[in-house]
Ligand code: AMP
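In the block that follows, a single chain appears as structure tokens, in the form predicted alone.
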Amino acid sequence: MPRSFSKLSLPAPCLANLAAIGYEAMTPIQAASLPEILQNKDLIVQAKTGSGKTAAFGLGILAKLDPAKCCVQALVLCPTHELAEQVGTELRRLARYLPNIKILTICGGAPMQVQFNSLAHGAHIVVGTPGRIQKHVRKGGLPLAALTTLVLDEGDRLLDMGFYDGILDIADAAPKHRQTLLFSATFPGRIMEMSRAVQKDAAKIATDTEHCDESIRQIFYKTAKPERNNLLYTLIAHYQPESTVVFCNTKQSCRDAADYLRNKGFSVAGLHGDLDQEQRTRVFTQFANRSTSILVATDVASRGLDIDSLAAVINYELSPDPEVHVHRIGRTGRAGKDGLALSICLETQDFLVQRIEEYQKRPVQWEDPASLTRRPGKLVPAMVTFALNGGKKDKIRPGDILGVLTGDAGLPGSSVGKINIFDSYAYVAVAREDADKFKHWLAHGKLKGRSFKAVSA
């Protein structure tokens, strides 16, 4: 199977842009799906976060996009605001070779009228969450008459979050003769049901979808339930990973574990369904920016969490679904780095471990909790994230902030981390040792001729 993008029927400017942004060869999922996507076929693709699926459907969308027609030609539905933002950002990178392409991200948590006004000015591609997209379609603000491509990203989580009826409603408002692409990390029965409802003769593509776990060290520890929190603390103090996601099965256990670790002095945040969108965005950004060391999350809340360098995953609670377990541990050990997956098993849960062993087709590795030693010192996040009271509405771009920080503020480029720009605010990550320099510049300097305020996020 060809792995070079040049083997595909993509225009030369597109290939040049791919090379410029660092796309050297297709990932397995891209190599398997892109030729079919470019032939305008409906596909149901098994693909996880980090597999390169966004580029797969993104290149397919752009290949048949007509820039001269400023109407919605492609719609991408994502389960969370965070994933929609990531997809929108990646599509903009892929579309750099096309002039005047407008890509809008439309999600809940933002004012409807502001989004309505943006849509009224036209867009070629819309990325968003089903609930908010459905509202705009019903109110007539998002016409789909010219739609040629509908993408359902992370279909299993779209279903988990209750979007099935909304997706059918949106699909019914779109032209019957369209391409529909469905991507999902798992293929439960309801995924196939949704495929039959919104797709026509969809071909199924599945590569080696789970993470190549040769780079992941996976260890199980058994304990009694009253000792589970104590073991969680000991695991983190023993291994001291720079960044850790702790997985829980319920919102309540997520809150309990986060509170326990916070009381032990760790830098920790919780990510679960009770948070509003602004809270979710802040928590997600702090962790992605390495301003929080530990993220305690439920499976649904954590979808869309794509961290390049996640040192460890800890299963505070084992998932009853072995496929979910394997998907969890695949969050670590990416990009050629070694990963660590630690699982806490209660004394009554051997049957869950047996399911995992049967699914993985090999026994798991056990270690005695008594072999662990709490090492001295606390995990101090490398970065501090600041919330700046200016964003897209103020015409601020990441390059503007980076320029003043490495210029006027005197920060070395290596001290400036991720910069996330939203409509009315921005998050800026700065190395902890240079946080005072940032504060000093903020008190005396200007950005695009204006003074802005910032607080630690």
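In this text, residue numbers run from 1 along the sequence as written. What you see is a predicted model, and the numbers here were worked out from it, not measured in a lab.
The next section is about a form of this same protein that is not shown, the form predicted together with the ligand.
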**Message:** Give me the residue from 48, 418, 41, 432 that has a heavy atom within 4.5 Å of the ligand in the predicted bound form.
**Reply:** 48
**Prompt:** Of these, 160, 90, 169, 321, which has a heavy atom no more than 4.5 Å from the ligand in the predicted bound form?
**Reply:** 90
**Complete:** Of 424-432, 400-408, 387-395, 53-61, the segment with heavy atoms within 4.5 Å of the ligand in the predicted bound form is residues 53-61
**Request:** Would you please decide whether residue 441 lies within 4.5 angstroms of the ligand in the predicted bound form, comparing each non-hydrogen atom pair?
**Result:** no
**Message:** Considering non-hydrogen atoms and a 4.5 Å limit, does the ligand approach residue 25 in the predicted bound form?
**Reply:** yes
**Contact test in the predicted bound form: residue 5 vs the ligand, heavy atoms, 4.5 Å** = yes
**Fill in**
With a difference of at least 3 Å, the CA distance of residue 397 and residue 56 in the predicted bound form shows the atoms farther
